[in-house]
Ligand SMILES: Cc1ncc(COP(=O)(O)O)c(C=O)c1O
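Here you get one chain, nothing else, as structure tokens; it is the form predicted on its own.
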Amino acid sequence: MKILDKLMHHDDVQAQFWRTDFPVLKSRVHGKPLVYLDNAATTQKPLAVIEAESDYYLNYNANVHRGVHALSLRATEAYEEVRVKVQHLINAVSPDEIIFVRGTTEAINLVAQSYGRSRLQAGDEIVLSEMEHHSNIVPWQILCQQTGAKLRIIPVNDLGELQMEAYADLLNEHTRLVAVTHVSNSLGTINPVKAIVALAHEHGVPVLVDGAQAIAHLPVDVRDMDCDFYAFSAHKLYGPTGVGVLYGKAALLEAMPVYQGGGDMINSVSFGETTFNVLPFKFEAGTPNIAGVIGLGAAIDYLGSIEWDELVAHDRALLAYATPLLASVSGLRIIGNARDKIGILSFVLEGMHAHDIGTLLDSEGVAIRTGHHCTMPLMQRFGVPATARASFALYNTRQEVDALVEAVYKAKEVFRP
């Protein structure tokens, strides 16, 4: 057996072991075993996460921070323990730099409306890339409408990689913020975020990194990266929906005005004046998604039981196996062939709309995502209205890749002239 085959066999054995932790993967769809390849949209949840949320509701459901009774104290302790887990996951300096939000989208909006709106003015510039998710475009467009600032866009080459020389040329005395994705949700491209941050900092410009697609695939070290803000969602990390994290350097967060008003983010309130709470609570107005945060903590614990080297190697092995198989299909074109990427394969098939591909694959039990993936400017860049996207997670196997490719061939047969 060749060395690569041995490695892939080992990865499949590992994946089969990990699969047993995810109840939904035992499902059948249209009478076929479920092949779940829509992980860039949301990952499935291990039993440990489901049980952690259930345990909260069954045994100590209470609001956090303000109660002195036993259930509230227990809920508060569990909730705040997760803040420390996130701190360690991304290597932040302090748990006070960890803000719980509803997801990556809210995290970016928070920075736009707090940091951005308080500092930007007409003539200022915000640098984004051509591959950004709409969640990292629209908040900045809104901010530009509010302040008179302008967007500048880093172009993408034919492989789906950022053109770094063009990025360097965009930075100037008007640049006030750079906001880029760590990993493209449509292409799988891993961007050189450390170099992006370093170039921006040479101009005194802070950087926000959208880590939604990176957080489950790559070890993240915000101190080594030196980014000023980092955002991600729990549901991309085998955790619950409706929970996310904004990391920000403490000095920046301290200086930023509050984002929302309500309970828990205040120090004192009168009709004449309100004073605000300390970090991180000044950005967490109202009752949070307590169960979701606890579920996020369980997801971090679950991933902590697996070595990052194993996760990264498994992702790379699946990508290496799947890419040539898909590329060999007549009439199929992979969109995004970056030299450094995670397990995401977006493709188009000659003569077929992406939605038709997705529907036919679903009939074979294969779940993929179809459409523009909230990256319409990127679709325009590559001259396609939509793509079919298969995206891998730790529980996916070579056998599932085979099922994907077989389903693609069957879809082609249906549309054969």
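What you see is a predicted model; the values in this text were computed from it and never measured. Sequential numbering from 1, following the sequence displayed.
Another form exists, predicted in complex with the ligand; not displayed. Remarks below refer to it.
With the partner removed from view, the residue among 176, 133, 249, 282 that has a non-hydrogen atom within 4.5 Å of the ligand in the model of the complex turns out to be 133.
Looking at 179-187, 261-269, 115-123, 290-298, the stretch with residues near the ligand in the model of the complex, meaning non-hydrogen atoms within 4.5 angstroms, turns out to be 179-187. The ligand is not drawn, but in the model of the complex it has no heavy atom within 4.5 Å of residue 314. Although the partner is absent here, residue 129 sits far enough away that none of its heavy atoms falls within 4.5 Å of the ligand in the model of the complex. Interface membership of residue 105, defined by any non-hydrogen atom within 4.5 Å of the ligand in the model of the complex, is confirmed. Contact annotation: residue 212 falls within 4.5 Å of the ligand in the model of the complex, judged by heavy atom distances. Heavy atoms closer than or equal to 4.5 Å to the ligand in the model of the complex belong, across 221-248, to the residues 233, 235, 236, ordered by sequence position.
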